[in-house]
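In the form predicted on its own, a lone chain appears below as structure tokens.
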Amino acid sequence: MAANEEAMKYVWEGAIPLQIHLHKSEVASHPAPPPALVLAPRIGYLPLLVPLIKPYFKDSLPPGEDSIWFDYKGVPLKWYIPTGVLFDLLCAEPERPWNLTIHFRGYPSNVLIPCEGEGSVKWNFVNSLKEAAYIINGNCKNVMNMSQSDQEDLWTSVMNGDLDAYTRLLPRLKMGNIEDEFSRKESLSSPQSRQGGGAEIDVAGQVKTARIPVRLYVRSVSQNFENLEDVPEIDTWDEISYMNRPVEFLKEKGKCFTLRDAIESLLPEYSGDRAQTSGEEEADGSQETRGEIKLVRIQGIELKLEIPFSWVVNNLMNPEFYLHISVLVKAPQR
């Protein structure tokens, strides 16, 4: 098994143990039901767990039903973000099992966009796939031209965690240029490549670049901390910034484009010297504490910023060809 295939297998098999509690205001039985225990795929979405969870609580629910939603410590969970990304983003210190609350009424439409179950999740997935194709290829014709049955099979493979079926359908998406462009990891790190390799040149004589679909989630914390258990609990989504922006991947002679380079291209305020926390005296005599990137997580892995971005792209993308990056930063203060 090739290294990237093995990594993909680990990504697809990644799961988070959930302990799902029925909100106390919706308990219509005595005693209250114990929490449901579910193993949630990292690449999956919370609404896809409802067919497993709803039967468990059905005898404890009052009459009537609203759209189903989940919260973590009072914060409504955005259903269109993969479950693993939610966990990496909201649990600085990983909580296992992850205790969530399920609601069957009172949908917070001021925070969450409507969700009509699996259909909404599928629409979100396919739309993200089209966006990624456009970023990578300059168009989304290959996704648009897939037959209805192929699109359905692709979605089913993701929903069921069937990597073999997904892999069989990948050639029809024709996004292999990501693999072709970055699969030669040794070209970024080996002594041989540094001696003989140069920047790739396109027909116009320019240094060759590529565009990587990235969704960056940045949680900013005002107070300093040394240990992850000291990170305060999140109170609102206002504490999180979201970027849906491609990374321009530049291949230059003798230079390894790293994860740090990618993140700093999206967060220039944390680049170079500005990415360090220090007290510096300003001209007016005040003290400025600069911001700092404290933690970067992708697929539950706390990554070193010096890792080649090519490896991250090849091995840690989600099935819709987006790279989801969760970043915890210490906000600058004056």
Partner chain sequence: MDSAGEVVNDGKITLEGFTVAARAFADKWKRHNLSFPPWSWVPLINRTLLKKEEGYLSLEKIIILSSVDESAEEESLDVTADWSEREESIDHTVLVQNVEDEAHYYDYHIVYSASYMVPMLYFRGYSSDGRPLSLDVIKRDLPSSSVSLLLESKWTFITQEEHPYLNRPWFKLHPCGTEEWIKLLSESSSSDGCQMPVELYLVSWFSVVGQVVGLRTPLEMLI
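Fair warning: this is a prediction, and the values are worked out from it, not measured in the lab. Numbering follows the first chain given and starts at 1.
What comes next is about the form predicted together with the partner chain, which is not displayed.
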property: Exercise: residue 242 in contact with the partner chain in the predicted bound form, heavy atom 4.5 Å; result: yes
property: Residue 135 within 4.5 Å of the partner chain in the predicted bound form, heavy atoms; result: yes
property: 4.5 Å heavy atom contact, residue 172 and the partner chain in the predicted bound form; result: no
property: Heavy atom of residue 114 within 4.5 Å of the partner chain in the predicted bound form; result: yes
property: Every residue of 123, 211 and 246 near the partner chain in the predicted bound form, heavy atom within 4.5 Å; result: yes
property: The partner chain in the predicted bound form: contacting segment from 91-99, 232-240, 145-153, 158-166, heavy atom within 4.5 Å; result: 232-240
property: Contact residue in the predicted bound form, from 78, 219, 103, 260 (heavy atom within 4.5 Å of the partner chain); result: 78
property: Position in contact with the partner chain when the complex is considered in the predicted bound form, options 64, 51, 31, 268, heavy atoms within 4.5 Å; result: 268
property: Neighbours of the partner chain in the predicted bound form among 126-147 [non-hydrogen atom within 4.5 angstroms]; result: 127, 130, 131, 134, 135, 138, 140
